[in-house]
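Included below are structure tokens for two forms of one protein chain, each presented in isolation as structure 1 and structure 2.
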Structure 1
């Protein structure tokens, strides 16, 4: 039975783009190979080459720009199955960015095939030159003699140990050439030269006049499958947190903590999550803050649940505790009238007129305000016992200061 690897969708490429021919011929090569749809994993890069995802009916994984070979290597190692085929696809821009990954995969002889769709430019971002751009294109765009010849990906992969390395033109029927690479056991790479009518060359005929030569280079290397070893879990060295307290959570509770950098938001979230663990709950904790770290907002998300937590996002919080204006700006879109809201009295909440406003910052200072507010919520709601929170920082170097914040929150 003929298996159709192409999805029933119109390809998204510009008229005359070489990626169209590459996709068609790859699908034909896979159909001739005898693989089933579930046996092929295509790993794609950012850029026009990455648009292949929705055109293929097999497994597809979309990676980061230039990292497709590293991602595909991980998949190939994890599968370690000769009956599965991992095919990585990237453009000349992605190949330039991730050149080291390509060379290492060739040296290690990873069992995968890499297709480099070389149209000489970063087509998705405006036609910038890549490390594989032809000299004539550099002369045309740079109008300068200070240019360098392009990398020869095929030669570099071969010299690094690729079992099969070839350079071909995206012209006519070339599925059998791709098939040779696909059936190779070990690392194979095919550089496919094709036009980008939008920013570079208008046709494959024009590119064929640039001096590209089709070639096939092979190394005789035995493929050695990766070896796997049983190792102890990282968790084996960690002491499990025993259940010492009980919480009044029927299903799941999502809590947002918002403040400013340096105000103890992340520490408070860690302590809150640990308190949940000591109540026998499943917990997740995520922190978010600007790249500057020392300035701006600090946001933390804590989820407590009796059941396993499969999704760690909080779209609308059950509880929100906010102690600075920076924090409020990050939290306000994720609260509503059903949210138990606790904010510092210095915060301008605009049209939000529900919730509790108290002087947490005034009572204990900015660095302890979030923990103080957490203790206030715990003591008044009874959802999680305050004793579970206090237990988490026993022996902490700032235990006395933390305990003062908690006791202040209880007494407010």
Structure 2
């Protein structure tokens, strides 16, 4: 039984509009395609081309100006079913504003067909020029624009990886040409050149003289359907930290760690927080660094507390450990004489004359200096046992190096 894809024969277009022929040929191509009505989803743009919905008996989605290819891409990805056919329709104006969407869909070889109904103008808004407008039309409407050649959307789609890209004239019977695109697995596009009697060219006959070249361009590439995976919980890979040590904290301890990018500050802070957790404390840890993560300062804040921690900022640090000048510049305004301060001896601390200065960097190198200094503080203060810190990196790929830093800190 022949399936009629047209919900109604009367079209909403101006007399002589090329969209009329495009729609009739699309319906005919679908009838010949073997698809059932509800296997086809027409996705339309804003503009005269987007008036197609009411004429189609299949699923229809009517979106925004220029976004139809991206919208259709989402539908095609979600369906992930080669027995469903997603067809996007837009005009030359929509193709201009949504050019990137078209190129991306071609590059990604999205399983869909795009029809670009190129009548050379924005018909719905009064006949403005688009990026696809022909030079001769530009000379009539806005002469200076004639200096700039139109996009060849067919070539661009092909160059971006479309499996099938063709340019055809909206003349007579061309349903089989559309059918070639529709049966393509992967991304196909057909640019259909047609008249807009209201604002551009009066007839297809007139447009045949403009030098448009009908063509078919094909790329051979495999179609890879999008995948939906069963993935395990993020928690499955998290190892529980056992509470096996005890700390000597009366209430809350705020610790600032300051160094430079690439010097292990964030790792050291993570290990310190884990050590606190293994002592049964509540802990927070946060890091701060410039947007260029490989250069500049690296700052970490760790709070340990017997009570629940609400506010995670540090107004004034109880302990500050700083191993580079970059880090000091970030920390110096947040310490005072009540802060237990440990700084590398290479740092110029200006007028700050309190704290302990030691050669952490010289002893273990810049990448381990913060951990070394933490171990120094822990071993001398006894607030959190060093064993708790050592336990956190058991099995770590750099365990030996980390242990060396800790032992050096203890011995200083």
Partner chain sequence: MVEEKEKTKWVMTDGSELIIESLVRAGANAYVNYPITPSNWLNAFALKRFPFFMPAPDEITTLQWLCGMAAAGKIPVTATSFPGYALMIETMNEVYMMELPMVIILVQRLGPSTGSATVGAEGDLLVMNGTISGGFQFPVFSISSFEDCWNIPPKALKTAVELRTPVVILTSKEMIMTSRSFDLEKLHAVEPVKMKYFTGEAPYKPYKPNEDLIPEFLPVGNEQHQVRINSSTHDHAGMIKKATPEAIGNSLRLQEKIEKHIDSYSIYTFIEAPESETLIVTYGITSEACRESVCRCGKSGKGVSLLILNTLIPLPKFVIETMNSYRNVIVIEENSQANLVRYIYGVNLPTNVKKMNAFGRMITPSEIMKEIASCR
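Residue numbers count along the first chain shown, from 1. Just so we're on the same page, rigid core means the largest C-alpha set that superposes within 1.5 Å between forms. Just so it is clear, the structure is predicted and the values come from calculations on it, not from any experiment.
Of these two forms of the chain, identify the one that is the form predicted on its own. The form predicted on its own is the one given as structure 1; the other form is structure 2.
Would residue 224 and residue 25 count as one rigid unit between structures 1 and 2? For residue 224 and residue 25, the answer is yes, because the two are assigned to one rigid part.
Rounded to whole °, what is the turn of the smaller rigid part against the larger between structures 1 and 2? Relative rotation between the rigid parts: 97 degrees.
Rigid-core-superposed Cα shift at residue 229 between structures 1 and 2, Å: After core superposition, the C-alpha of residue 229 moves 2.6 Å between structures 1 and 2.
Could you state, for a rigid core superposition, the Cα shift of residue 249 between structures 1 and 2 in Å? A shift of 49.5 Å at the C-alpha.
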